[in-house]
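A lone chain, given as C-alpha cells: the form predicted on its own.
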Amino acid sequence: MDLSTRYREILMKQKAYSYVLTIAGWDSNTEAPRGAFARRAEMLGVISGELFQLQTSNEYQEVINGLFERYNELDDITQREIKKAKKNLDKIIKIPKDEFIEYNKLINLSQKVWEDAKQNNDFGSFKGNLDKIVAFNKKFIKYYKIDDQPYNVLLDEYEDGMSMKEYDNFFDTLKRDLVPFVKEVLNSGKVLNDAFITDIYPKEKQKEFANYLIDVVAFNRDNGLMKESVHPFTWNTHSSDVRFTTRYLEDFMFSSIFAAIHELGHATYEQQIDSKWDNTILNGGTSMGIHESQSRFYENIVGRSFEFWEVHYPKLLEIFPKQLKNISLDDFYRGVNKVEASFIRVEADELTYSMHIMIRYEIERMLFSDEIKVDDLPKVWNEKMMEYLGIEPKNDSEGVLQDVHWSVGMFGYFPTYALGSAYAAQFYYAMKKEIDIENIVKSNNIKTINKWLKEKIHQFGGSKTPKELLLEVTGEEFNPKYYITFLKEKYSKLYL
C-alpha cells in the first residue's frame, strides 16, 4: 500500500474519533444534564486517548514524514495538506499521552466549573481549574521546543503567520487612529430614544425572531440547526452538519438577535465550503481571523445596516407590538448602533468592540510572559477596563468570568475577533466594487452576498491561507485602514 493510501485510511479513522468528540462537545454545550459531566469527562478522556494514539502512532509518523520527504513530488493541494499535517504532528508527538488525556479531561470538566462560577460570581471556584489549564499550555509550549516566545506559539494556532509583532502593529494603529474617535463619540452627548432596548422581550417571542433570521440569511436547515447555550457558538463536523447557538436575555433582546446573526455568519461559511475537502485536513475555515471576518460581516455590515432593518423591522414589530409601539425605524436603527462603554464583550457595540479585544490580548500576553499569574486576573482585568473604557466591573461575572474561551484552553484566540472585524471591512470594500450590497440587503436577497462570499472565500476551506485570500480577494495585503474608515464614516453620521 502506498503512502498516500495509508495516509487517507489513518486520516479517516482520526476524523471518525474527532466526529464523536465534536458531537459530544455540542451536547455538552447545549442539553447534557449537569450531573453527567464527571462521567462524560472520563469517557471522552478515553476517546481522546485513542485519537492521540492515532495521531502519534509510528505508522502515522512514518506516513507523514515519508510524504513530507517527497514534498516536491506532490500536487499543490496535497503539499498544503501534508505541510499542515507535519506541523501538527511535530507538536503533538512531543506531548506525553497521559498528559494529553489528563488535559482533555480537565477542559471537559472545566466548562461546567466556569459556568457555575460565572452564575455564582465566584472566580475562586474556577481559579484552580484555570491555573491548571494555563500550566498545561505553558508545559506543552516547552515540549514543542519552538524557537519563539510562548504567546506567539499560541497566536499561530488560530491565525497562521500572526505573532505579537503583527498584532502589536494592528492594535497600535487602532490606538492611534480609532481610540480618539471612539472617545469623541462616547463624549458627544447625543441623546437617543433608547429606553426600548432594555424593555422586557419574552424569550419564546425572541426565539420566533431568531428562527426567522435563519431563513433571512438563507441558512440551509437540512444541513444545520440552532439551539440555545450560555455562550453562543458554532460547531461543525463537516459542511453538511453545521450547528450554532444563541442566547436569550429578556431584558436585552439585541443579545439574541446579533448573536444569532453572528453565528449564522460562521455557520454559512462552514456550509459553503466545498465538500471535496471533507475527507482532508483542509476542511473547515482557514483561520479564526477569516472565520471571524465572516461572522462580523453578517452581524455588523449586514445586520446593523439601515437597509437590513428597513426590511425586517416590520417583522420584529409584528412579534413585539407592545414594546416597539412608538419606536420608529430610525429610532430602532440608532438603538441597534448605540455606542456606550459596556462590560460584556458579546453585547458590546460595533465601535467599542475592539477595545474589549485589546484588553484580553494584553492580559494573555502578560500571562504567558509570566508578568502576571492567574490570581492576578480579576484585578488586572478591572484595571484594563478602566484604562480602555473608563468603567470598572462591579463583579467578576461581568468581568474576568464573562468569556468561555479560557475554560477550554483557547489562549491566543481573542485577537482574531478584532482582526476578523478588520478583515470584514477590507472584504466589504472589495465586494462593493462588484455588487450593490446595500440594495441587495434592502431587497432581502442575502443569497447574492452568500454566493459572492462562497466564490471568493468559503469554497476553499483551509486550502488557502488568510494572507492568500486577502490578497486574491482584495488585491492588497492586510490593511486596517478600511476598518477605521468604515467605522468613522458610519458613526460620524450617527453621532457627530
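Sequential numbering from 1, following the sequence displayed. Note that this is a predicted model, so its numbers are computed, not measured.
Although not depicted, the form predicted in complex with another copy of the chain is the subject of the following passage.
Across the options 426-434, 447-455, 34-42, 465-473, residues that bring heavy atoms within 4.5 Å of another copy of the chain in the model of the complex belong to 34-42. Using a 4.5 Å heavy atom cutoff, Tyr17, Ala24 and Asp278 all lie near another copy of the chain in the model of the complex. Though the partner is left out of this view, His291 does not reach within 4.5 Å of another copy of the chain in the model of the complex, counting heavy atoms only.
Under a 4.5 angstroms non-hydrogen atom cutoff, another copy of the chain in the model of the complex lacks Val339 among its neighbouring residues. Another copy of the chain is not shown here, but in the model of the complex it comes within 4.5 Å of a heavy atom of Arg243. Among residues of the shown chain, Ile440 is not one whose heavy atoms approach another copy of the chain to within 4.5 Å in the model of the complex. The single contact residue among Pro150, Gly224, Gly285, Pro232, judged by any heavy atom lying within 4.5 Å of another copy of the chain in the model of the complex, is Gly224. Residues Met43, Leu44, Val46, Ile47, Glu50 are the members of 43-58 with a non-hydrogen atom no more than 4.5 angstroms from another copy of the chain in the model of the complex.
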